[in-house]
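Following this are structure 1 and structure 2, which are two forms of one protein chain, each written alone as C-alpha cells.
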Structure 1
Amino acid sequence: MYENKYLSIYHDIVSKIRQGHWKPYDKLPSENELAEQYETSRETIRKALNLLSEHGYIQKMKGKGSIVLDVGKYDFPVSGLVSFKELAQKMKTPAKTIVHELEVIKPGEYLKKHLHVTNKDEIWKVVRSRKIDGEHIILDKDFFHKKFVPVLTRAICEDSIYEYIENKLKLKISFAKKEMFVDKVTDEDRKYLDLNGYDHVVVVKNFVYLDDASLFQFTESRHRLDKFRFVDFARRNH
C-alpha cells in the first residue's frame, strides 16, 4: 500500500502538471502541504517528489522547494525500439495516425543505399503523420522490404505495423541503428505537418533489423522542433 500510495501521488501530480494546473517554473506546495492534501506522510510525499525529479517534471531546489519544469515536449527514446502506438499508450495523450501514402515501389538510388536492396526488389512505402493533442507534429516515412512484409493494408498502418509484423507474421524485430540530425523543412513537411512557423525539423533515421540480422526497414522520422526532446539513459562505466 505504501508504494502504491506514492506512485498514485506521482501520477496525480504529473497529470496536473500536464493539464496546466501548475505551469513551468511554478513552485509546488511544500512537503507538509502536500502531505496534508494527500492525507499521507512526508516520507511518502518525498518519494513521489524524488520520482518526479528523476523523470524531469520538477527541479528540487535546496531551501526553495520544488520547481515545475517545462514539460511541453514529448519524450522519444533514441536508443529504444518501440512503435508509435506503444509510445502513445505510455504518454497517455490523445494520439492518432493518419496514412497519407501506401504503395509498392521500386527502389531508387537513395533506398538502394539505405535499405541494401537492388532494382529487382519491391518496397512498401508508407507515409504517415502522427497527430498528438490535436497537432500533426511527426511525419514518418517508412520503407519495408516486401520480401519480409508481403502484405500491408491501410488499417494495419493506422494501427501498428510492428504489432502486425510480430503477432501475425511472427517475425522477431531485434535491433536498430539510428542517426539524428536537424534538417530544413521540405514541401512534404509543410503539406503534412503543423509547423507553426518553424523552418527546421529534427530527423531520426532508423535502420531496423530482424533477429537474423536482416535489414527489413528503413524509416525517416521527421519531428517538429519545439515538441520533442529525445531522451536516452547513459551510465558511466568505472
Structure 2
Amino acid sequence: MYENKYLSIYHDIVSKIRQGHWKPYDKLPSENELAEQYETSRETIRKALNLLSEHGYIQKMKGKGSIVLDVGKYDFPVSGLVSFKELAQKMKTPAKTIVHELEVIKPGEYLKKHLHVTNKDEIWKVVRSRKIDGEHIILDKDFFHKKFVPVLTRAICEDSIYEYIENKLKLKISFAKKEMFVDKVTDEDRKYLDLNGYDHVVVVKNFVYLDDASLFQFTESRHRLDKFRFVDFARRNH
C-alpha cells in the first residue's frame, strides 16, 4: 500500500481522534512536537493538519494550537459528490435501485445545452428510482457521453455507476456543480415514484466534470419532499 507521508499522518490522526485518543476540545500536540513524533518536517505535518482542518476534524488557532472538534457532528463528506450507495450505507436503511430506462439517445436541445454535445454524439440515458423502506422516493435521471462510457449494463446501473466509472473505467472525477430547487411533479415522477400525495419534488441537478475539465455527466435527481435532506459543511478561508 503506497501512500504519501502527509496522507498517512492525516489518516493516523483521524483514527486516533475517532478512537477517542483525543477528545473534543483537547489540544493536539504542537506542529513541532508532531514533526518529531512522526519523524518528518513541519511543513509535512502542516499539510496533514490542513487536511484535518478542511475535513472538520480540528480547528487551528494562531499562537495557541489546534483543538479537536466534535467529530460526530461533522461526520459527513464535505459538501457533495456522494453517490447513492454511500448514502444508503450511511443511513443504514435497506435501499434498492430499480432501473427503468437504459438506452442510447441523440441529444435534444436541453441536453445539447447542458452537456455541450452536438447532434452526432451519442448519449447514455439512465432512469432509475431508489427504494428506501419500501417506498420509491428518489428518481435519478443520468446522462453520460457515450465516448466516455462505452459500455453500460443494467447490473452496473443497479449497483453504483460512480463506482464503475471511477474504479473500472479509471475516469477521474474532479469537481461537480450542484443546483437545488423545488419543482412541480411531472408525469414521469408520478410514474416511477410513490408520491404520497405531494405535488412538488426537490430537484438536485448535478454537473460532473473530469480531470481535464470536460463535462461528462449531467444528473437530475428528484426527491420526494418529505424525504429530502442535504447537509453542507463550509469552512471560511479567506
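The shown structure was predicted, so the numbers you read here are calculated from the model rather than taken from an experiment. Structure 1's sequence is the ruler for residue numbers, which start at 1. By rigid core we mean the largest C-alpha set that fits within 1.5 Å across both forms.
Only structure 2 is derived from the form predicted together with the DNA. Once both forms are fitted on their core, a CA shift of 2 Å or more is seen for Ile58 between structures 1 and 2. Tyr198: CA moves less than 2 Å between structures 1 and 2 after rigid-core fitting.
After superposition on the rigid core, the Cα atom of Asp26 is displaced by 2 Å or more between structures 1 and 2. Taking the rigid core as reference, the CA displacement of Gln37 between structures 1 and 2 comes to 39.4 Å.
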